[in-house]
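Given next, in structure tokens, is a single chain: the form predicted alone.
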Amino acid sequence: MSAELPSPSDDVLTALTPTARMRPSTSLLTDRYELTMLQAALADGTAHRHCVFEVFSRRLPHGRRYGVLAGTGRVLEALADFRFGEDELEFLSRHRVVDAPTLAWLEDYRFGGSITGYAEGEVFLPGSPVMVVEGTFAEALLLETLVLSVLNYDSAVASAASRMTSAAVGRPCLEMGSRRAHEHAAVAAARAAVIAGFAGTSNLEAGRRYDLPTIGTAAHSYTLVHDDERTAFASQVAAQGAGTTLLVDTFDVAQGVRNAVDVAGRDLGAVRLDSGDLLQLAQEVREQLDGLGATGTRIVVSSDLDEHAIAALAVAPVDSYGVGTSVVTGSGAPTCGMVYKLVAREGRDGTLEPVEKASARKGSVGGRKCAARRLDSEGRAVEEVVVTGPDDAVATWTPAEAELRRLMVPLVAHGAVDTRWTGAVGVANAVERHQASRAELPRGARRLSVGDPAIPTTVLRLT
């Protein structure tokens, strides 16, 4: 297990004040009913009631044994820009979304509450309280859509990516799915994939914003624009050196390999295969490269790979995998089904009291919660423990047993963001957390076959 992160101090706490360089507001990345509820709550006085909201998934996507939390850092970054400026207020006024008193309240909106949750990169199970937002009903209500849109997408990508890197068994996975996603989602997907173990991304904006390794050399069009394949390879090697990766399947693979080694020599960095029977081709290309003396040349494969295709290539002489569509779409599970539910609110006597939803298959469990993971003597997870009970007891609970690892960490305290979870530093911390968290899972939990959640969840009720 990785070392615990240090406690937050003044130098890592950033108040949610306007930034020097104005960025687009995130305040309208929401649903209209958040604001219409706000208007009604301001009018009847409930807007100012102290409340606790909780983010969790009722169930995992079919066939998944665990999920991976991603997007926490992006939520915190978006929170800093959750402001209603002149443009946003003018739009709301012109379309009569809310009334004048509500517009006046929104003009001064700053989230002043607190947020705790699982550290980004942590494995989660059904019912895990992955994020808890606390504040007045008005200020916490407005964050629902933004929080869910980020966490549901990013966690879906990270959960799929974790299955892929697990199936790869130490061979690098490379994210190259930008052209299969919305341009901004592509950046988020690259970030989430790296958190779950991908070695790099083709997306340059993700690389710039989060200091991620970027990868990529040439596509088939580069070969086709030249008079012949050999000329294209010679040009690429001249520009990028013999350590480059040459795409050898534009025409005939065997001839492509010969041309590649002839041009770059035995020090050719890698060849890439992007079509055909990858298992058979990889074996044939490995034999051919070795026969030509290019024993150190690596083989990279791509072409609509997912975790199952990667697992099927485990016996192939493949050195790394390029994954596109499947990773940015969650490999068949594009959302984690996370919900944002009010679980406690201030009563008439001023104390927090639990509230819960009883709808069929959409129920919730009232009251503040926190969580820990029980580990056995080998450091393997055996149980997810969700703690509930009297609000004060849960809010101050710390595990008394050495085998329980506390999962909740502070993210925002009274409106100040803990910057250990944002930017490039946040991604690096999330990468480390995922590696340690996934390593804790019991043997067999990373199988791709359909099965129960990796570990059971139990409830510890405090008195």
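Being a predicted model, the structure only gives us computed values, none of them experimental. When you see a residue number, it is the position in the sequence shown, counting from 1.
One more form of this protein exists, namely the form predicted together with a further copy of the same chain; it is left out here, but the text below deals with it.
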May I ask whether 57, 66 and 81 each come within 4.5 Å of a further copy of the same chain in the predicted complex, counting any non-hydrogen atom? no
Here the chain appears without its partner; judged in the predicted complex, the stretch of 123-131, 284-292, 186-194, 310-318 with heavy atoms within 4.5 Å of a further copy of the same chain is 186-194
Can residue 429 be called a contact residue for a further copy of the same chain in the predicted complex at 4.5 Å between heavy atoms? no
Indicate whether a further copy of the same chain has at least one heavy atom within 4.5 Å of a heavy atom of residue 105 in the predicted complex. no
Would residue 401 sit within 4.5 Å of a further copy of the same chain in the predicted complex, counting heavy atoms only? no
Using 4.5 Å between non-hydrogen atoms, is residue 239 touching a further copy of the same chain in the predicted complex? yes
I need to confirm a contact call. Of 355, 279, 393, 382, which residue comes within 4.5 Å of a further copy of the same chain in the predicted complex, counting heavy atoms only? 355
Of the options 93, 351, 255, 303, which one has a non-hydrogen atom that comes within 4.5 Å of a further copy of the same chain in the predicted complex? 303
From first to last in sequence, which residues of 195-218 have any non-hydrogen atom within 4.5 angstroms of a further copy of the same chain in the predicted complex? 202, 203, 204, 205, 207, 208, 211, 214, 215, 216, 217, 218
